[in-house]
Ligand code: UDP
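This document starts with one chain, in the form predicted alone, laid out as structure tokens.
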């Protein structure tokens, strides 16, 4: 399938349905390792300040529109695009791996969080093979040993919950040492799967307002989201003109 993208402030976003995005990454991984980025306005704002991170965003194998701000930007460009939440996309990849006996590796979050997340995922998908797990509290000089150990387990899906931009930089740094493996940065997904954090009610998710629910539940996020989101929308509008 020819890659169809739109450009938002210099960053390409794949224009695919949820199912097409899944098929794309599964097909690509038959021939190469793949890095999927679940992009949102905060990541674009960070990319403007961090050249290394910017290049990773621009060269990812698949860039799916996770944040509502990305969907809004595309709407301002006259493009109707389905929002693809990264947590749901990753869960579908986990389900695929469970159904096809493909080993999965998880790295990130606190020790108790990753242990509980793995336990809950195994309960949900009894056939899931978690071949490697490691919490996210390690130093840079420990990475080599972690990667070597992970490689021995031969994962076909690696989910990194190390936070942005650390998870994307970590994946980009080591992905080519694996073979036909899918890599996705999943942010706080382990906390959700562990039951530490509840997702927004379905109505918020359907309306694309999960960000609003998180803001209501965690007012401390306000300083991170504003003025980033309004400034992002303003830049998109000015870029369109």
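This one's a predicted model, so the numbers in the text were calculated from it and none came from an experiment. Positions refer to the first chain, counted from 1.
A second form of this protein, the form predicted together with the ligand, is not displayed here; the remarks below concern that form.
With the partner omitted from this view, the residue of 151, 71, 110, 133 that lies near the ligand in the model of the complex is 110 [heavy atom within 4.5 Å]. A heavy atom within 4.5 Å of the ligand in the model of the complex is found for one listed residue only; from 175, 214, 205, 28, this is 214. Judged by heavy atoms within 4.5 Å of the ligand in the model of the complex, the contact stretch among the candidates 90-98, 122-130, 73-81, 155-163 is 155-163. Highlighted residues 7, 10 and 49: none comes within 4.5 Å of the ligand in the model of the complex, counting any heavy atom.
Put simply, residue 224 is close to the ligand in the model of the complex: some heavy atom of it is within 4.5 Å. Mapping the unseen interface onto this chain, residue 67 falls outside it, with no heavy atom inside 4.5 Å of the ligand in the model of the complex. Contact check for residue 61: no non-hydrogen atom falls within 4.5 Å of the ligand in the model of the complex. When the ligand is considered in the model of the complex, residue 41 lies well away from it, no heavy atom lying within 4.5 Å.
Residues are counted as partner-facing when one of their heavy atoms sits within 4.5 Å of the ligand in the model of the complex; in 173-187 only 187 qualifies.
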